[in-house]
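Read the single chain below, which is given as structure tokens and is the form predicted on its own.
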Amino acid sequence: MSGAAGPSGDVAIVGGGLAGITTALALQETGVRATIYEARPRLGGATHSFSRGGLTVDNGQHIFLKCCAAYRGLLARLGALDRVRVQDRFDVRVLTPDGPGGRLRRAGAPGPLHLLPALAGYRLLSPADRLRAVRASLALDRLDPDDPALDGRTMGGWLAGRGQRRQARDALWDLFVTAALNIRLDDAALGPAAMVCQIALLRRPDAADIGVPAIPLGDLHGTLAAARIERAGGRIELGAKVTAIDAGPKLVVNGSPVAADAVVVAVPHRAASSLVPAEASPGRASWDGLGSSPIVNIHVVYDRPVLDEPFVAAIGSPVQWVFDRTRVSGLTGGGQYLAVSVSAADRWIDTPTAELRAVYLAALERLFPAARRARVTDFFVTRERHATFRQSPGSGALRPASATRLPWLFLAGAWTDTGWPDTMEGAVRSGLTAARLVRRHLREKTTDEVSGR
């Protein structure tokens, strides 16, 4: 897809996460040279893998939905659509520690009718709560997520005002909003929560079908991305720490100046606020107000299978979502490797591993009877203290646009104003926007040079 006619120039991209990777690929498709400067020894940003005891371990379980068109477009650019598995139909089993669980499975009807059979048969809600959930869904679909007023309200408060009792919020709404926004219902801004529910649950019937990587994230977002970028003529500088960005444009990389025609800052907001010159974004100090929300992942290897589905959800338990990572990790010998993803993990982020082991092994045994007879051969924890920005009321007003007041400097990252929450989809969309603005800047720069201005 590279080699198309377009503007020329050298573009420096600071950060090799999904936003930076996407920016580089989108630029190269129009013939623009790009160099990624990544301080770490790998690409992938917040999505990466490491080795442990012969296993390939992802730092956390990252999923996408079929409605994530930009992320699926990135997979297509990487030639990796066959490296992920997507459900034929949205189908999630929801477990509880006591008694039978429930199941949410969509029908083939057009949205939002496709969810009615799922709610009608959802045993974790009473018939009255199911009816109230339908009414709340129809009211939610009428909201405008871009309305600034919604940024000042919480999703939990709005749902309570629509008759959603605690059981319905825990067993239905929180199940999805917490995973999507990495923040609890009562703390989540109404605007992005409404947007997620509308796009994923209430519009296209297949929008919420869940996709999971079939290979480690380090291969998907690291190895494959690096090969594609370099094959198209781009450059990747690993272990390259950018400490300053100055007019010129010029970067200071590992203490040495590097010139460029345009610069894209594609790092988290905490790092961007110290890199971006004050004249580019006078409001950059407000980015610190975005804060952060943590994710904790509990990794458990059993000597035998205890879960017979690729993933399940849980309520009434410290466990939220559980994924079977056996095949992807390379585990052989008849055991099973489960990853428990805990979003909005403020309560657990600093908890010692020994305490997490006691809490979560007991919780898994209550959810999976087979785990009571299995032996744990490995247990470890990964912690993402700054997994996402904190998508609470008021955060939407703090998210900056990609363009800055310097015509050659642009921002990318899921924390920018993408119209999406802080997700892989948001990161990719930000990269596409940054690439489009860079191309426009380079065209204008070329025109000015030709005309002598």
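Remember, predicted model here, so these are calculated numbers, not experimental data. Don't overthink the numbering: it's just position in the shown sequence, from 1.
Keep in mind that the form predicted together with a small molecule is not shown, yet the notes after this line are about it.
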Inset, instruction - Specify the contacting stretch among 280-288, 263-271, 155-163, 99-107, defined as having any heavy atom within 4.5 Å of the small molecule in the predicted complex. - result: 263-271
Inset, instruction - Have a look at Cys67, Leu398, Leu406, Ala39 for me and say which one sits with a heavy atom within 4.5 Å of the small molecule in the predicted complex. - result: Ala39
Legend entry - Contact residue in the predicted complex, chosen from Ala232, Ala240, Ala313, Val306 - any heavy atom within 4.5 Å of the small molecule: Ala240
Legend entry - is_contact(Gln28, the small molecule) in the predicted complex, heavy atom dist at most 4.5 Å: no
Legend entry - Ile295, heavy atom within 4.5 angstroms of the small molecule in the predicted complex: yes
Legend entry - in the predicted complex, Val14 touching the small molecule (heavy atom, 4.5 Å): yes
Inset, instruction - Please run the contact check for Leu411 against the small molecule in the predicted complex: heavy atoms, 4.5 angstroms, yes or no? - result: no
